[in-house]
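Encoded as structure tokens, the following chain is the form predicted alone, with no partner shown.
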Amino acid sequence: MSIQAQLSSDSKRVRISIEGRFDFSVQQEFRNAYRHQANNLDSYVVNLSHAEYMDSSALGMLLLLRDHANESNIEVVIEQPSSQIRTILKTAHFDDLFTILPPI
């Protein structure tokens, strides 16, 4: 599976990890990763450390997650994108819409 969601021990954060290609082929998995989570969350963390590729449909999926999160005042953080994916995010001005954390 290329998308995995993990709820933090305090049930306040969902980490969505993406491995391999982040494109339209994983849109249903990505949506399922956040759709049925509790409403008392503080944040969604999208971990891109193992994402090898991202296209425009992935950008759209991130915007849909942001819209979903905004309904409940939940923060969305993107963490550890590769330099190539970070360039895509910056070009699309996603650094204005999301907190983007660099690789550790």
Partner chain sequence: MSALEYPASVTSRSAPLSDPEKPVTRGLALVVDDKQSNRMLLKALLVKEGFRVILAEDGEQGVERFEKEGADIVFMDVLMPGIGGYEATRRIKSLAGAHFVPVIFLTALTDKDALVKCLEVGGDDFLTKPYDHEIFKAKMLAAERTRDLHRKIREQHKELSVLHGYMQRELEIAEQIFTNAVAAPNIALDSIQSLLRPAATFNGDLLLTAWRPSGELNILLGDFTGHGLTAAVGALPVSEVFRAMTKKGFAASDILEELNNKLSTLLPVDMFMAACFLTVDTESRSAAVWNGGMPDILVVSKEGAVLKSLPSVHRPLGISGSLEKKLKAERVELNIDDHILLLSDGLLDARDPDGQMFGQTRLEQLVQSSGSGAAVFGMLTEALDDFCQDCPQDDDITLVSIPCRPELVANGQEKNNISTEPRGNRGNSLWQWSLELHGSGLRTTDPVPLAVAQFQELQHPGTQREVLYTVLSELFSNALDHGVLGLSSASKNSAEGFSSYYAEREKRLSVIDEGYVRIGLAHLPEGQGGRLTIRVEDSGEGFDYRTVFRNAELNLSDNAGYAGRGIPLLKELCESLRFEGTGNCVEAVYVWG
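Only a predicted model underlies this, so the values are computations on that prediction, with no experimental measurement involved. Residue numbers count along the first chain shown, from 1.
Another form exists, predicted in complex with its partner chain; not displayed. Remarks below refer to it.
Inset, instruction - Heavy atom within 4.5 Å of its partner chain in the predicted complex: which of Leu41, Val77, Ala69, Leu59 fits that? Just give me the one. - result: Exactly one residue meets the criterion: Leu59.
Inset, instruction - Could you confirm whether Arg21 comes within 4.5 Å of its partner chain in the predicted complex, counting heavy atoms only? - result: Close contact exists here: in the predicted complex, Arg21 approaches its partner chain to within 4.5 Å, heavy atoms only.
Legend entry - Partner proximity in the predicted complex: Val26 to its partner chain, non-hydrogen atom cutoff 4.5 Å: Heavy-atom contact with its partner chain at 4.5 Å: absent for Val26.
Inset, instruction - Would you please decide whether Ser11 lies within 4.5 angstroms of its partner chain in the predicted complex, comparing each non-hydrogen atom pair? - result: Contact check for Ser11: no, nothing within 4.5 Å of its partner chain in the predicted complex.
Legend entry - Residue contact check: Leu63 to its partner chain in the predicted complex, 4.5 Å heavy atom: Yes, Leu63 is a contact residue.
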